[in-house]
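The form predicted on its own is given below as one chain in structure tokens.
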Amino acid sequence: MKLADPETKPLSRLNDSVDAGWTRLLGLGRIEGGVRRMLILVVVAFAVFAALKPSIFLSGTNLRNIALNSPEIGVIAIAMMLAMLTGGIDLSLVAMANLSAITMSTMFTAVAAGDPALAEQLFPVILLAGIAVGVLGGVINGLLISGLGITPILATLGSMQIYNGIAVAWTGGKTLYGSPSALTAIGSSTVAGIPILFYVFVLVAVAIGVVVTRTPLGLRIQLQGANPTAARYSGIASRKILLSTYVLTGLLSGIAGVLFIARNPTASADYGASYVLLVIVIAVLGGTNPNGGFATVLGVVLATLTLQIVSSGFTAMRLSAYQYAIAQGLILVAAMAFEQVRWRRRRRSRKPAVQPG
């Protein structure tokens, strides 16, 4: 009987590792079950609150508010999904979005104090400046994680504190008022009864969905999260992928900052303080694996709508924000418990039967 060459064992293990990484990556199609589950949750949540408080919940104003409040939370949740897709997390998303909104409001009011007409004409420049602030924050996060090797949760926790501190020092802890009228008009306008901001949300979701599923960058991000070892030996530059991912999350934060100030022409350091937990709940509920490698943009969009429907339903029933916070926590724990059970069953079903020797 010919014995295997001991020197081939490391190579064999490496080959198995790479093969396992691609197998997990190609298994992404099975996430469709999670999307179906989210569709059911959206319908059930809507039906329950519509039955309990039809006069309030089904009013045109309430339905428009659901569509109007979803975009800013949904865009940040998609950014959180991207960070989780690599096996990381980004706790600084809301802080970056606030800095973006503060930048735009400050620029506009500073120019408008001397020349209101010029301030309105500089709308595109102000918009780009706000988005650039988000991108810069993402670059800093990416360098901390990919360059220095700091754990994502610690890197973004530290940067969140820094960005929040800058915002408080910048504003003096006060709320800033003022934004270009064109931006405010976009935030208050509708097309076919649906807020324009919701269309922006859909466009962002479609764009990120294409990036994740149809581009080399997206496939590398998925493999990086599914199996970092396989990604490294497949020739993927892990540092570059991580940097690109966090730059992308920063870009989305900048866009969220634009949505913040478009919906309400004010900016403050503590706006959306509860959003960090909320977007984590949405990302996980939408089918994102917190360990990396698996996510679906459509699932995150549906989870965003589900949580907004629940929030609106709680308001219609005159339940407190504290009760909604409890509900968020319960939903997060339940979603993670369900995913753990599902993945354990899948792993057990994949184990080959032991052949008798």
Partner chain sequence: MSGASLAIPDRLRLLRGANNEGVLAVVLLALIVAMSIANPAFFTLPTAFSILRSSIVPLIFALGVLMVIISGGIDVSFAAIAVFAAYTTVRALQSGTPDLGLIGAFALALLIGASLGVINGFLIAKFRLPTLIVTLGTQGIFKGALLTYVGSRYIADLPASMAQVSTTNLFEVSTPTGSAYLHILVVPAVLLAIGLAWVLRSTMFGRSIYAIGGDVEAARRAGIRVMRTQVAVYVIAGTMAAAGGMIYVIMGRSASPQILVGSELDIIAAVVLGGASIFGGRGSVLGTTLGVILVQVIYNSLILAGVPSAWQRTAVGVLLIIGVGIQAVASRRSSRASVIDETYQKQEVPA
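All of these numbers come straight from a predicted model, not from anything done at the bench. Numbering follows the first chain given and starts at 1.
What follows is about the form predicted together with its partner chain, which we do not show.
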| query | finding |
| --- | --- |
| G193 within 4.5 Å of its partner chain in the model of the complex, heavy atoms | no |
| Non-hydrogen atom contact R239 with its partner chain in the model of the complex at 4.5 angstroms | yes |
| Proximity of Q161 to its partner chain in the model of the complex, heavy atoms at 4.5 Å | yes |
| 4.5 Å heavy atom contact, I326 and its partner chain in the model of the complex | yes |
| Interface segment, criterion being heavy atoms within 4.5 Å of its partner chain in the model of the complex, picked from 326 to 334, 301 to 309, 64 to 72, 43 to 51 | 326 to 334 |
| Site check L148, L157 and I280: each within 4.5 Å of its partner chain in the model of the complex by heavy atom | yes |
| Sole residue of A129, I89, L251, L217 within 4.5 Å of its partner chain in the model of the complex, by heavy atom | I89 |
| Heavy atom within 4.5 Å of its partner chain in the model of the complex - the one residue of V135, M107, V168, L243 that qualifies | V168 |
| Heavy atom within 4.5 Å of its partner chain in the model of the complex - qualifying residues of 198 to 214 | none |
